[in-house]
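Take a look at this single chain, the form predicted alone, given in structure tokens.
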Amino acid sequence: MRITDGLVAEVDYELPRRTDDAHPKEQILDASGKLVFPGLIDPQVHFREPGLTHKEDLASGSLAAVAGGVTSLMEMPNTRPATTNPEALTDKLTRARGRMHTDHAFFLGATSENADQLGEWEQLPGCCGVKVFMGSSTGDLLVADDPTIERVLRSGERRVAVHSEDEPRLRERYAAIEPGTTVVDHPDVRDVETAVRATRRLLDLVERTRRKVHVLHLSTAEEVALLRERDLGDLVTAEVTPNHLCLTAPDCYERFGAHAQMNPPVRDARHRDALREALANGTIACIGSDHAPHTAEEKAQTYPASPAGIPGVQTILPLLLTAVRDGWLQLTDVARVTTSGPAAVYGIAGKGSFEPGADGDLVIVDPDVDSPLEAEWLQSRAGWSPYVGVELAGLPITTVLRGSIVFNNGAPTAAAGEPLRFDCNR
């Protein structure tokens, strides 16, 4: 493959090395014996800037991303202040300039106050769309009632990303927590019905409004069955996190405590296996890390005060390569769910493939690395991961963004990220 002026110019896996003087400045990357993927797209990260930069910021989070082969990402609005208007969006884009190692875009958070203006604002440069929190999670954004959600869905055309948990049931469940409840009980506190009830409500609203939605971090077998049963085609897409594919309750909570706590929760093997099957067969369109770092001190608080969230933007590809080793995914599936899948869901222009004219983004993986994942490899400010010690089945070694090496053999180069471009009809 040849990249010229930042774009894929030619794809020929037998391209000869040039021996003439026509391209004296051409840089050659030797990927012999390696795996090469298009640069990964992570459509769900929380980089905590502004307001919570002791956990992460745009620079440190995007550095972790390129170290893991992620060249494009979409950042969530539940910062302090939340990204709920054009001024907050502009602020994030300004903060990102010259500091982010990846190409990037930012979600606008839906509220009852801005619901009718989102259709105009979602078209702004650097905006990847609208995010709805149907259930409360980390931060203050919440749109809990169907009439307001319907207002959001009727305002605009782009696909809406949704955190699908039922807020009335969450309030009931948290009010009923008894003394002695621990993080091991987290999947019962935020139970299966909490997720299913919200997703059912959301699908009803989609049928009524015909607005496209993307259901984030599916966590239950019942939701997978519901998506298949309702069969709304391209109106409804969904994603899953590596955590819901690779961790299982109660073991993960017994081993890692609150370091395995996220919303919606990691559940037992029945749900994990259904999600794995749905990802492999295409029912689930893509992977999103839901990278959500907290400090070790914050995680050490007693449940339910311990915050929900697991850092994960850097470990997507290593974990999916273990899935290939273990036989429930193919390498072609890995490429689909991390590149072309999210690009198609959100209509990201120029990303997700090696087609001529696409952005020259790629990651080179050494498939022979089979040692345990080391904490020293992690670049996130959080500094921890429940996957430290996992036996690897390959590791990213070189990441290229629009023809420029942005991470190579453990070392970053200058931050080169730019705002993503979109086909806004998605």
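Predicted, not measured: the structure shown is a model, and the values here were computed from it. Note that residue numbering follows the sequence shown and begins at 1.
The following text describes the form predicted together with a small molecule, which does not appear among the structures shown.
The small molecule is not drawn, but in the predicted bound form it has no heavy atom within 4.5 Å of F106. At the 4.5 Å threshold, heavy atoms of D290 reach the small molecule in the predicted bound form. A residue is said to contact a partner when one of its heavy atoms sits within 4.5 Å of a partner heavy atom; T237 fails this definition for the small molecule in the predicted bound form, lying far away. Taking the partner from elsewhere, H294 is found to have a heavy atom lying within 4.5 Å of the small molecule in the predicted bound form. Not one of I41, T339 and R402 comes within 4.5 Å of the small molecule in the predicted bound form, counting any heavy atom. Figure note: of the listed segments 392-400, 42-50, 353-361, 58-66, the one touching the small molecule in the predicted bound form, with heavy atoms no more than 4.5 Å away, is 42-50. The partner is absent here; in the predicted bound form, the one residue of P242, P318, G156, G309 having a heavy atom within 4.5 Å of the small molecule is G309.
Proximity to the small molecule in the predicted bound form, defined as a heavy atom within 4.5 Å, singles out one entry of K92, H214, H163, R272, which is H163.
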